[in-house]
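Listed next as structure tokens is one chain, alone, in the form predicted alone.
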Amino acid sequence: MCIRLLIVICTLVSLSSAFAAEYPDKPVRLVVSWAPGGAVDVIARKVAQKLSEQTKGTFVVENKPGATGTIGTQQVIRSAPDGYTLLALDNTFALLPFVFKKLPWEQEVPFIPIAVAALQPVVILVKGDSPYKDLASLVNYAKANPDTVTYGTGGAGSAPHFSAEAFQQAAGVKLMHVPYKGAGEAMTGLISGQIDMVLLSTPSAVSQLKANRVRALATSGNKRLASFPNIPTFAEAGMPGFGITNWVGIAAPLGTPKEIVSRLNVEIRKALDSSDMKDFLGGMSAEAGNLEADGFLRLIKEENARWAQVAKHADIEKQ
């Protein structure tokens, strides 16, 4: 009996290995839970391109925006766990428990985290001709004039909204929130002078920074941006306690075979290590995530804990 059981186990292991080796033998859908053109979408398309090249398979991006990313996420977690439907998501996922009274899934993490594709610092931006020349001048004015300095976001409960709430708590200031329909509109509002500042991830700010339409007062992260070395870190600007970093990751439905998850992690990390991907991310002032799947899971849980503290002291009403 023991010999037969051993034969069965060996057979299953061989089949799983063979399955992983042949994967993918049909198109893989990479669902982006945001509209085309945003940081998640742009990075996901580059990852899909690299995976297609490396595996000789076909990875296709599909955009399923809506409801703060929950529509696309829900579609993926309800898909067959066979490795042929994947999810591209960002740190907004860690905010969802503090945005909605009830989510359309029960688990804390309703998918298998595969890999972090990119880490993106957050920059605080003012208009190019703003009177605020550095972070200290903005913070000092905001302290002396509560609810006067305005900041724009892509809407209540969005990642920039939470980032701005975290900034207010770290700086000890009270700002006035001006919600827009999206981060792009908030940037337009900043450039036109409708608002005083925004906090956005670097990919959303690069083009406007290069055009000198906006000025960055500080960036998150432990080092200055290679593409914008004149921008000080928050620590250098006098706020060492502010360390928000956005991320973009790839995940799969629960139950996806471990061999497939492992294969995808290896392939994604291989893609991130390529020179063209490094140049691509560098051009967005982002960097490769390069985390094992377990590291990605820990990141999500750490982010949940961080934003729970921010939400506890912020005036963010759940939908």
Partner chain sequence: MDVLSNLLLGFQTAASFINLFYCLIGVALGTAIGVLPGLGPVATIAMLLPITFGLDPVSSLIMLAGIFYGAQYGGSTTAILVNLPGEASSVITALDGHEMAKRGQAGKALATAALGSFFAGTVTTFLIALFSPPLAEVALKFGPAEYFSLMVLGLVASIVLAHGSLLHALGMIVFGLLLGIIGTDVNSGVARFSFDVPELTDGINFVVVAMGVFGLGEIIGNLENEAERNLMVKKVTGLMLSKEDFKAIAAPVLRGTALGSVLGILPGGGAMLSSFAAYALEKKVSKNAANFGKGAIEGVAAPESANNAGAQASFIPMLTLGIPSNPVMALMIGAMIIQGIQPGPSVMTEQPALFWGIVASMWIGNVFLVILNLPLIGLWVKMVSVPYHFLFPAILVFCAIGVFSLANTTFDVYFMAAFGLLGYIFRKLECEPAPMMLGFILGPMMEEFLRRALLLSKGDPSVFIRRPLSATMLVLAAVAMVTVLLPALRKKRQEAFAEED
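Numbering follows the first chain given and starts at 1. Computed from a prediction, not measured in an experiment: that's the story for all the values here.
Below, we turn to the form predicted in complex with the partner chain, even though it does not appear here.
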inquiry  = Using a 4.5 Å heavy atom cut-off, which residue among A170, M176, A136, L103 comes into contact with the partner chain in the predicted complex?
reply    = M176
key: Triple contact flag P65, Q208 and E317 to the partner chain in the predicted complex, non-hydrogen atom at 4.5 angstroms   = yes
is_contact(I114, the partner chain) in the predicted complex, heavy atom dist at most 4.5 Å = no
inquiry  = My question is simply whether E236 lines the interface with the partner chain in the predicted complex - judged by any non-hydrogen atom within 4.5 Å.
reply    = no
query = With the partner left out of view, is I195 within 4.5 angstroms of the partner chain in the predicted complex by any non-hydrogen atom?
reply = yes
query = Should Y84 be classed as touching the partner chain in the predicted complex when contacts are defined as heavy atoms within 4.5 Å?
reply = no
ask   = With the partner removed from view, which of 210-218, 89-97, 115-123, 239-247 is the stretch that lies within 4.5 Å of the partner chain in the predicted complex, judged by heavy atom distances?
value = 210-218
request  = Could you list the residues in 262-295 that come within 4.5 Å of the partner chain in the predicted complex, counting only heavy atoms and keeping sequence order?
outcome  = F280, G283, M284
